[in-house]
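This document opens with one chain alone, in structure tokens, the form predicted alone.
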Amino acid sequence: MNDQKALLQYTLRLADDGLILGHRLGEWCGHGPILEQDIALTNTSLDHLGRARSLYQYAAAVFNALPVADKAAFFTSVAIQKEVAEETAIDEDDLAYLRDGWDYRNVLLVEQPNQDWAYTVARSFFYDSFNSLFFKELSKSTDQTLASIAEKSLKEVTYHLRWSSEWCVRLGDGTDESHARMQQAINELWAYTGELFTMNDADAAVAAQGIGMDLAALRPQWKELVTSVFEEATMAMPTDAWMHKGGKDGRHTEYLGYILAELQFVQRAYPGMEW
């Protein structure tokens, strides 16, 4: 994998994570347990979507600079291949709305369904605690665009982590019912956390250039952070066992297809529409 294609795949994954998790959290709009938390979660969703847009804009610029042959082979989406054949420059909307599921590179954790409040909190906490470490390292990237996005994102991620960790404690150290639901959510989602630290070819390529980092090196810090919150929340730490993976390489759960069907419906039904 050459340097630009690795950078493109890496940037797309960060954008896809934000888009898919932002969509999932946005599903709570109007359905939160109380008005204050409904608004808080909706604002967090917008933070993820805003970061995704910045990353998609950068990914589109990287893609448009590739040789035609590389462009044609990068995505399987017929709609994007058509634009490449017509020598049309793509933009962030094309990347969000015209790619098919197997062209998405988000980790499997973020596409898992909301289920209940505890499940949503656990999913956010695992991802937020990872992001707090990841974006701190990415802000040191030799790629100035990614470093700038990471630095801006850190301010948002700090709030996200505070919110999700406080809810972990609130539910875990609450009633018997809230404790049981929180523990069940943690146990079920734990198997999706390993992929956060899995290095694929794109990760290795950008790390070698100083753009990215060794994700495995973040895991001890992440586990220490998670453990400290779980202790306060009186939650049991799951044992490390088999972990799900594949999202970074385009292999997803059935849930992503349903997300994209809803997310992309209007653009697919009325191609090229702008507002």
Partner chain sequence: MTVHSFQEHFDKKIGSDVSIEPRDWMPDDYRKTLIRQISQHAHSEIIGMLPEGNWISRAPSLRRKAVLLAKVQDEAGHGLYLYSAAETLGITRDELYDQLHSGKAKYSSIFNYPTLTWADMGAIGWLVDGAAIMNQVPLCRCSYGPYARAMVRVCKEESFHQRQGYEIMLTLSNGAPMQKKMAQDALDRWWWPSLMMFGPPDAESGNTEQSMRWRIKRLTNDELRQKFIDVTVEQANILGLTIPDKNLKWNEERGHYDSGVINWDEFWNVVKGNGPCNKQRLDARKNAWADGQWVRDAAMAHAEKRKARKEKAAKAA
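Positions refer to the first chain, counted from 1. Values in this document were obtained by computation on a predicted structure and should not be read as measured data.
Just so it is clear, the following notes concern the form predicted together with the partner chain, a form of the same protein that is not shown.
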Triplet Asn43, Trp117 and Ser178 all within 4.5 Å of the partner chain in the predicted complex via a heavy atom
yes
Using a 4.5 Å heavy atom cut-off, which stretch among 52-60, 206-214, 235-243, 222-230 contacts the partner chain in the predicted complex?
52-60
Looking at Asp93, Asp100, Glu137, Glu151 here, can you tell me which has any non-hydrogen atom within 4.5 angstroms of the partner chain in the predicted complex?
Asp93
Give a yes/no on whether Ala69 approaches the partner chain to within 4.5 Å in the predicted complex, heavy atoms considered.
no
Using the partner position in the predicted complex, report whether Thr253 sits within 4.5 Å of the partner chain, counting heavy atoms only.
no
So in the predicted complex, does Val169 come within 4.5 Å of the partner chain, heavy atom to heavy atom?
yes
With heavy atoms only and a cut-off of 4.5 Å, decide whether His23 touches the partner chain in the predicted complex.
yes
Give, in sequence order, every residue of 23-39 that has a heavy atom within 4.5 Å of the partner chain in the predicted complex, or say none if there are no such residues.
His23, Gly26, Cys29, Gly30, His31, Gly32, Pro33, Ile34, Leu35, Glu36, Asp38, Ile39
